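Here you get one chain, nothing else, as structure tokens; it is the form predicted alone.
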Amino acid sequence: MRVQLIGFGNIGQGLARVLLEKEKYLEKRHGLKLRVVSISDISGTVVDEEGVDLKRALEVVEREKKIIGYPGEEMSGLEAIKTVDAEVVIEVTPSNIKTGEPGLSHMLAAMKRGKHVVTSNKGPLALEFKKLKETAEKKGVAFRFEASVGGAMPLVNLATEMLSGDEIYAIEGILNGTTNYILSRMTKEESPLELVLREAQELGIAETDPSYDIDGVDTASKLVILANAIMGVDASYRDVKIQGIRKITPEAIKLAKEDGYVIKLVGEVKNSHLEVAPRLVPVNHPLNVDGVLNVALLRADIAGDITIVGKGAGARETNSAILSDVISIWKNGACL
């Protein structure tokens, strides 16, 4: 299987490490010999039809901070998709919730050229899910995006494959590890958000600009993807009612604890209504998970309530989902 990797930041580099680690296992277990024939980042593209030396690519990026030092050429990811021969495009560029670019153009270009798409990029899906899905169906290619929601948690594949006979009529969950860590610490220590956030940034759990997480944007993006993919809701990010955690105080945390509750940032879709907001969750409720963990509760008409808990972020965890999607495409005979 010939693969193009678009994006070589934390997720892309993490994928390269996983592929080096799992090379023999993939061939022995699945009969899959995977060749990364191009790698693109903002500086340019490296192309090798026999397979890019992933170890060398990682060394170059660590030293040069860009893939072009491989050496490569000043070819954009979009140009690489249009010109390099491959079956699968793995799109892992940073998420852009305002326009979806450049990921949206990358995915559409790949599909229009008959290439399967695997992605962890939330922005394009949160804004243009219907367009992406319809383009993939029209061109007869696979569109896999398990890694865009919940890291290593197999939410989409579980619901659409293992529970394909069920109607999922509601989904609620904690879909952002950063906010869950902050609220967990605030609950244990009754400390103000500003202090816990600063510590989370020092630990690398929160970004320098944490607004994407604490304002509920990340949770809303993931909720849209789940609603569209699992429940067939035709929604975009703009349809979500969002409230973040900036106004949560130690006093509110304390009052909740006294009544047997914790405060969590919960995303919910029900009756085509999508909302992200802080909620009171009973201490013994399945949604009360600690630290950076994510949790999702699927409400199904036959199976009943199903709860999935796992690490919702991290390069290695996200690449577990990416690899699963790649293997699925291979096993379904799309690249034989």
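Quick caveat: nothing in here was measured; it's all calculated off a predicted structure. Residues carry their position along the shown sequence, with the first being 1.
In what follows, reference is made to the form predicted together with a small molecule, a form of this protein that is not presented.
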Item checked: Residues G7, D41 and P102 all lining the small molecule in the model of the complex, heavy atom within 4.5 Å -> no
Margin query: Just to be sure I understand the contacts: of K122, H116, H106, K264, which is the one whose heavy atoms reach within 4.5 angstroms of the small molecule in the model of the complex?
Written below: K122
Notebook entry, point to check: Which of L127, M231, A206, A86 has a heavy atom within 4.5 Å of the small molecule in the model of the complex?
Noted result: A206
Check: Heavy atom to heavy atom, is T93 within 4.5 Å of the small molecule in the model of the complex?
Finding: no
Check: Do D213 and the small molecule come within 4.5 Å of each other in the model of the complex, heavy atoms counted?
Finding: yes
Margin query: My question is simply whether G77 lines the interface with the small molecule in the model of the complex - judged by any non-hydrogen atom within 4.5 Å.
Written below: no
Notebook entry, point to check: Quick one: is L19 in contact with the small molecule in the model of the complex, heavy atoms, 4.5 Å cut-off?
Noted result: no
Check: in the model of the complex, which of 41-49, 59-67, 306-314, 24-32 comes within 4.5 Å of the small molecule (heavy atoms)?
Finding: 306-314
